[in-house]
Ligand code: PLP
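Read the single chain below, which is given as structure tokens and is the form predicted on its own.
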Amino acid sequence: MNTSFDPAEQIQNLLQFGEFGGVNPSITDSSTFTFLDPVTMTETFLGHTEGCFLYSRHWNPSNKYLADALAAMEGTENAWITASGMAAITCAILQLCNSGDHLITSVTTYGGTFAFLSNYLPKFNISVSFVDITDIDSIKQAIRPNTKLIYTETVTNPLLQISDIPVLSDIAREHGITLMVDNTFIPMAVSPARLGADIVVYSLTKFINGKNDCIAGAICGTNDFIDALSNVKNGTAMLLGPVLDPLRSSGILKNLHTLHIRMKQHSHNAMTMAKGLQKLGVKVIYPGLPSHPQHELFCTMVNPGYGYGGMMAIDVETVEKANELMGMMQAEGVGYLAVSLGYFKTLFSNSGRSTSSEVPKEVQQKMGLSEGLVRFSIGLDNNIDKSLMKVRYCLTNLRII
């Protein structure tokens, strides 16, 4: 178990004051910034000045506050804030990969990411190998002379497989490849950069913000990489322009300070729900259960005290059973039939027909994605046992158990 790093403490140690000494950093509601002399403006355009702001598509003080906090949480040198999680993923990949390059990724990944990798990157002559990320030999065999990137999720979506980040890091370094990890499912509980990842990306929309009231993303990495992303001449994020509004950035920063409390409760509730359903004979996928194939690996990567995350899944075998179950669970007040995750209420969806619908059916079958898989984002219920009883009632009433 990782015992040397506490993400919440790193954020707590930051001193970020408002312009007039406010306990919350000031919101900079400005798209452009003035300079006291033309030379400084020129130097800022060239990237030769620190602490100067040029234009909010480049940097904004509110976004910088959030970036600094996320970098502290991850243990990286720097971070960049984007207008969505997909913007973080796509900008980081396009910054690293050029025409003729190749990357390796997990076949089990978020549907939007799969679509970008499978359907969009070929427009730029960037090739992709989809592998079982838990099969280390398949990753090694997929490496080519032009491989630039290994991309994966710490906990894959929606099958909740665990990526062995230290081993992937060793493979990447041996071959001069960059390792990028999406840590959206498990913030604070796992710190990929501390385990060897070069770049960590997030959809801030999910657990980090926690309220499903905005869309945002982040890229955490070295100073050199963030500087390259934001370069006014050829930086992907600067030129594509997925900038986050400073008001939203300020709200996420405040929510970030309660993330450690929320993740602990999400994890506690998910463990209770997973254990309870497993006792009923339901096929449960949850990394915190010893029955999970990568449970022991996961235990070596998690930061102590945060649990195993709020994401779990059950397999009821057919789409029809999944739809009946989800409709009844919503009616009984278990949570909402909705995509996304990290909300304070429990959310559930049938992955193959929703967030993984971009993945072709034959690929879903090959990776082992059951038509009846129901993915849960377990909420912050104060009485999770009551919610478990409701789920049991639904399963029994529908004769699934």
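We number the residues from 1 along the sequence you see. Note that the coordinates shown come from a computational prediction; the quantities given were computed from them, not determined experimentally.
Another form exists, predicted in complex with the named molecule; not displayed. Remarks below refer to it.
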*Though the named molecule is not shown, can you say which of Leu277, Met86, Val243, Leu94 has a heavy atom within 4.5 Å of it in the model of the complex?*
Met86
_Looking at Thr105, Asn209, Ser267, Thr184 here, can you tell me which has any non-hydrogen atom within 4.5 angstroms of the named molecule in the model of the complex?_
Thr184
*May I ask you to check whether Ile215 falls inside a 4.5 Å heavy atom distance of the named molecule in the model of the complex?*
yes
*asked:* Contact with the named molecule in the model of the complex for Ser203, defined as at least one heavy atom pair within 4.5 Å: yes or no?
replied: yes
*Do Leu341 and the named molecule come within 4.5 Å of each other in the model of the complex, heavy atoms counted?*
yes
*Can any non-hydrogen atom of Tyr110 be found within 4.5 angstroms of the named molecule in the model of the complex?*
yes
*asked:* Looking at 267-275, 176-184, 247-255, 233-241, which stretch has residues with any non-hydrogen atom within 4.5 Å of the named molecule in the model of the complex?
replied: 176-184
